[in-house]
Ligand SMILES: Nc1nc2c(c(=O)[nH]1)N[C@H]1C(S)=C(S)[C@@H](COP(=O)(O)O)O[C@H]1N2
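Single chain ahead, written as structure tokens, the form predicted alone.
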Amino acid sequence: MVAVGGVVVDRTPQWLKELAIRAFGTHDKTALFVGLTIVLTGLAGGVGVVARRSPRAAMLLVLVLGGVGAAAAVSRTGAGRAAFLPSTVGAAAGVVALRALGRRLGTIADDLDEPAESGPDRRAFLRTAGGVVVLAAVSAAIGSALGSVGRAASAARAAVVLPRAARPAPAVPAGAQSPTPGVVPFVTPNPDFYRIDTALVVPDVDPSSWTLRVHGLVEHEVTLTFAELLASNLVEADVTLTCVSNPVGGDLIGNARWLGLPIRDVLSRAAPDPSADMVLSTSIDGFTASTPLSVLTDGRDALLAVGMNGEPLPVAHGFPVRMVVPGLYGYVSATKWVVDLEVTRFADRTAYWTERGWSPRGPVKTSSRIEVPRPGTVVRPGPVAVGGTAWAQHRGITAVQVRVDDGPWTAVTLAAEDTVDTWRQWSWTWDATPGTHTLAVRATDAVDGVQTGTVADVVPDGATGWDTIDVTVRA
């Protein structure tokens, strides 16, 4: 299921991927597995129908389905020599089960030349079906038990004791949180942090065997272990991460306090060649991202992160080590379960999403959203609390304005700034009058100025436009 799902993801047209993300958000993987289950159930029913007329063809179909699964499994990054076995054994078991059930039901003859003509022995069929179900349940239990043996990451994460940062981050300013009730927390709790990646099943990485290899256009190849990483001079940094698939006003964004080793420290040990301009990072599951070398060495808090909000990285967010780079969308920077950094050139190498039509460089665009009131809300005339969040990572938000209908842009109250690498919240009191009104928001950053109102899709390098909501004011 996972292997076939991976192939489906890799070969799905980009427009369909974006449609799935918009429709299901962070539940896109669940939706994919539900869809695969529905398709397989339909195919299984079809095999049963075929078996009534041509048992050999039905059994061949079972073997073909198993072959598809096996081929998908061996094609995945990191597949072992035995990757084809589960699908192969499953197909063989399917043929045995189909034949046994067909015989009991009287639809398959012993010689398989023609469908049987004798009447169905329903009791025998039900007994055989029950046996198949029991064997399937036992197989599932064994598979689950064998799978849990390898789940070293969760246990290892619980045993990790994070060191104190050599450079702790200052406390978040008291006024960083918008006073408007309903605005998201300034620091996103780990369970609420968005997750968008290509891993259908979270990789199980044992930190005791994890290593990071730094190679390519460098004078010295570097290998770093998890123990060496924890023993390094780690720093804390508050950084807001954003997904390039986040639509205008979307929620694929989160802010956290990260603990990690500056990537520039590791690169300085490797001594990149002057001709290099990109670092190709690779996840243990084969995902790759292209990050400008200049961004990783210009002094910003680009980290090999091991901690998130005071605890070891959650397994689903990259444990034991992931990349965090302020100012870039995640698809070119935030590689989870990272195991390889290749210093190279954009002209020589391409990354996972670049090969699928996205821009090779993904600087975050200035954005803002209205979080309170919610779209379609009915409020009473008079003072109405309005609030939200704006972001322009590594440039910083300097102003936010709100407009009602086609009226003038009005400056709102900014919450305190934590760092230029984090989002900034805002609040405003609206003197609402009866009727249906459209509220719009735009932000200004310290480098590029006022946020553009030109509407652009997320492809190829992030959405643009002003977030707008409709509110009804009624006494």
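Note that the structure is predicted; figures quoted are calculated from it, not measured. We number the residues from 1 along the sequence you see.
FYI, the form predicted in complex with the ligand isn't displayed, but the following is about it.
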property	result
Interface segment, criterion being heavy atoms within 4.5 Å of the ligand in the predicted complex, picked from 180-188, 221-229, 322-330, 266-274	322-330
Contact residue in the predicted complex, from 210, 358, 287, 84 (heavy atom within 4.5 Å of the ligand)	287
Proximity to the ligand in the predicted complex, single hit among 291, 393, 242, 368 (heavy atom within 4.5 Å)	242
The ligand contact at residue 157 in the predicted complex, heavy atom, 4.5 Å	no
The ligand contact at residue 279 in the predicted complex, heavy atom, 4.5 Å	no
4.5 angstroms heavy atom contact with the ligand in the predicted complex for residue 195	yes
Contact of residue 283 with the ligand in the predicted complex (heavy atom, 4.5 Å)	yes
